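In the block that follows, a single chain appears as structure tokens, in the form predicted alone.
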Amino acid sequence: MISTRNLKRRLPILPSFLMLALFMAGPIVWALYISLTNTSLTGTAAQDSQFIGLDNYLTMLGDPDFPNAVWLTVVFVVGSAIIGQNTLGLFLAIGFRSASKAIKKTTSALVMAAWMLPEIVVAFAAYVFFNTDGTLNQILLSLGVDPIAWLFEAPMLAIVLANIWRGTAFSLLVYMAALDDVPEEITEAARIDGASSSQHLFLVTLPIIKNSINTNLMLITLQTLSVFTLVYTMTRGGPSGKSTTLPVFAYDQAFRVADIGYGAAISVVMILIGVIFSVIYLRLLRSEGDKNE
């Protein structure tokens, strides 16, 4: 039984809990239900959908395009978030500690601008940059290098680089705050002991901010997993499915093929992938917390 005192303590968070249940858990449960039906945008299933159990998931397992979408999603998340945004954000934060004010302000302004702009604006800017007649190819031509059709020959590389540019600012802010919490006396002691810059980074700084690294990785992984506008605007998943990540694949099946039930099933798989990543990162955070106790 919950005591009156504990009940009074929990009442202030009740509205927040109800909002989370309504706007987060509600859509997830609804998507799960729709994924078990043959709901469609057209035909008889649009008016009178039927419960079909796991048929959509069985169809997914036999769909040759599904493994490709999963693989491209993993490449996109690992390349642009776990390696790109995380690493670049960390080294920018480290570099800012010793950089001049002019360099720090200029670089941070460029990085923050991409993060603050709406995703659709960033997507169009990236499209113009990587287009066949775009900025990047004009730079290559001025250097005597033949232009490349980036969005056709290397679409995944283009959207990975675009997402790194857009999302690095978040990692930068996280690591700037984390580095401010590194005790100055430990840094000074490492210098006195003759530690090189790389030794100081890997043996002193990274172990101290390990929890911040795990937290940042979890957040940017989940953010990148759900990126749709950037990919769809730049390539629409093409050419020939070479950049069709799971969000784009789900959209195509739900709204272009008009199979809402199948699209919802793909969305449920995306949620499960996000849960798996979250569990891994939370376990890492918990294990680090237990070591520090």
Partner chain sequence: MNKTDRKVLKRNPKDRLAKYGVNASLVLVSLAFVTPLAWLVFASLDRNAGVSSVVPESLTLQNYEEIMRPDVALLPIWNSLLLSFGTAFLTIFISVLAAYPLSRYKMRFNQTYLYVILFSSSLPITAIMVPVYSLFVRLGQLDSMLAVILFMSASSLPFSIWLTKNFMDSVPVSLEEAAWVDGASTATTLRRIVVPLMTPGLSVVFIFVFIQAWGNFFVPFLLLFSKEKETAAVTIFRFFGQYGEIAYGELAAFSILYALPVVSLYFVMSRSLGGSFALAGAVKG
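In this text the structure is predicted, and so the values were computed from the model without any measurement. Here, rigid core means the biggest group of C-alpha atoms that superpose within 1.5 Å across both forms. Numbering follows the first chain given and starts at 1.
The same protein has a further form, the form predicted in complex with the partner chain, not shown here; the description that follows concerns it.
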item: Single option in 142, 100, 87, 198 placed near the partner chain in the predicted bound form, where near means a heavy atom within 4.5 Å; value: 100
item: One stretch from 74-82, 201-209, 102-110, 142-150 that, in the predicted bound form, holds residues within 4.5 Å of the partner chain by heavy atom; value: 102-110
item: Residue contact check: residue 53 to the partner chain in the predicted bound form, 4.5 Å heavy atom; value: no
item: Touches the partner chain in the predicted bound form: residue 58 (any heavy atom, 4.5 Å); value: no
item: Contact flag, residue 189 vs the partner chain in the predicted bound form, heavy atom cut 4.5 Å; value: no
item: In the predicted bound form, residue 228 touching the partner chain (heavy atom, 4.5 Å); value: yes
item: Within 143-171, the residues that have a heavy atom no more than 4.5 Å from the partner chain in the predicted bound form; value: 164, 165, 168, 170
item: Residue 67 C-alpha relocation of at least 2 Å between this form and the one not shown, rigid core basis; value: no
item: Residue 239 C-alpha moves between this form and the one not shown by 2 Å or more, core aligned; value: no
